[in-house]
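Single chain ahead, by itself, as structure tokens, in the form predicted on its own.
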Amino acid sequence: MSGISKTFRVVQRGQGLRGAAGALFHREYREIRALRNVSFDVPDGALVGMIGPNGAGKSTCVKVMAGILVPSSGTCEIMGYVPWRDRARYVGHLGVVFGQRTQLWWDVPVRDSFELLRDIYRVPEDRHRRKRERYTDLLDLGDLLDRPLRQLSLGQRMRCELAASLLHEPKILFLDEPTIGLDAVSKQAVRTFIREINRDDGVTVILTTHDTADLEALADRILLLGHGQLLYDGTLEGLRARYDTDRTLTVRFTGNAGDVTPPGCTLISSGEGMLVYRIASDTVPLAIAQLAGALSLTDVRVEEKPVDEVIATLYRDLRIQ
């Protein structure tokens, strides 16, 4: 993807009945720039997490790569195809799962939906059967296949959606908020499955999410979008190194502490047999050594900020809230 921009024109109308009537005869438009000169490359077999606040352009970017939207400018080539131009040939090589939409039929058993998708993608019967049996086992679909989609819970539907998106053996999988609204057990099952098909089958996965646990469990690389622009491209560790340079150091000890504050530490709380400091990450080993020499330590714990706090700090610093 190189220099991709996408601008939407929306009708701007006044309030109330007068505004609606005026828009019938004289329309005014305003432009919304959803993507602004976005460029990045994704190698085969990668697992990339795309993050950003609501309205940052994540879903628009995925829809451009899936061939659903035509960009206003820029170029994109995936597996030798231009997604929006070669859509008829391209769609057989990708799977798409949107957390709020379904590709399965609401009132028929899931198995019948799978069979219909087999016919749409012209997958040979034996190959389809092998894939269906494998995904049934990995995702614990079991008796879900013989129940109508409307009778399934959200987590059960999402597991079926994942299987459906991969039955035709796509080389790339786009996931837009796949764990939204799921309980902890369903989220874990979905994450385990995504990691397995990426690792074992070499499926390239591009994932958009607001759930930082998804990033920690899955993403080898993070793309941060804000106001339609690509603001960060790197690893989660690189993100921490840039925006989380402090640690919380908690020590427990026996006896009296006195006034013990190693250089570079800020004492933020204390209690009986416990001291808690805020400290720069690169001075942690020296501080622990000094505390061990001054106190009779029984326990030492060093904690990072939760990932969601790091990302929230990044949003504030880049002013993309």
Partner chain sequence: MNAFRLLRKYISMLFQSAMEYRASFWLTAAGHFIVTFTSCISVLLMFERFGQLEGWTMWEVLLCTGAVQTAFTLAECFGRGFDTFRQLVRTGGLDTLLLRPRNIFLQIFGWRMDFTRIGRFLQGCFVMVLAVSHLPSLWFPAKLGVLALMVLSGAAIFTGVFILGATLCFWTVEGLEVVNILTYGGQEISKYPFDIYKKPYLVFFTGIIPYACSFYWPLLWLTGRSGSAWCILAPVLGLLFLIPACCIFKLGVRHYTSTGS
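Residue numbers count along the first chain shown, from 1. All figures in this text were calculated on a predicted structure; none of them were measured in a lab.
We do not show the form predicted together with its partner chain, though everything after this point is about it.
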**Prompt:** Based on heavy atom distances of at most 4.5 Å to its partner chain in the model of the complex, which listed stretch, 111-119, 130-138, 226-234, 197-205, is the contact stretch?
**Reply:** 111-119
**Message:** Residues 66, 92 and 105 are flagged as a possible site; in the model of the complex, is every one of them within 4.5 Å of its partner chain by some non-hydrogen atom?
**Reply:** yes
**Prompt:** Is residue 286 close enough to its partner chain in the model of the complex to count, meaning some heavy atom within 4.5 Å?
**Reply:** no
**Prompt:** Going by a heavy atom distance of 4.5 Å, is residue 267 a contact of its partner chain in the model of the complex?
**Reply:** no
**Asked** So, in the model of the complex, is residue 70 in contact with its partner chain at a 4.5 angstroms heavy atom limit?
**Response** yes
**Message:** If we define contact as a non-hydrogen atom of the residue within 4.5 angstroms of the partner, is residue 96 a contact of its partner chain in the model of the complex?
**Reply:** yes
**Request:** Go through 87, 210, 171, 240 and name the one with a heavy atom inside 4.5 Å of its partner chain in the model of the complex.
**Result:** 87
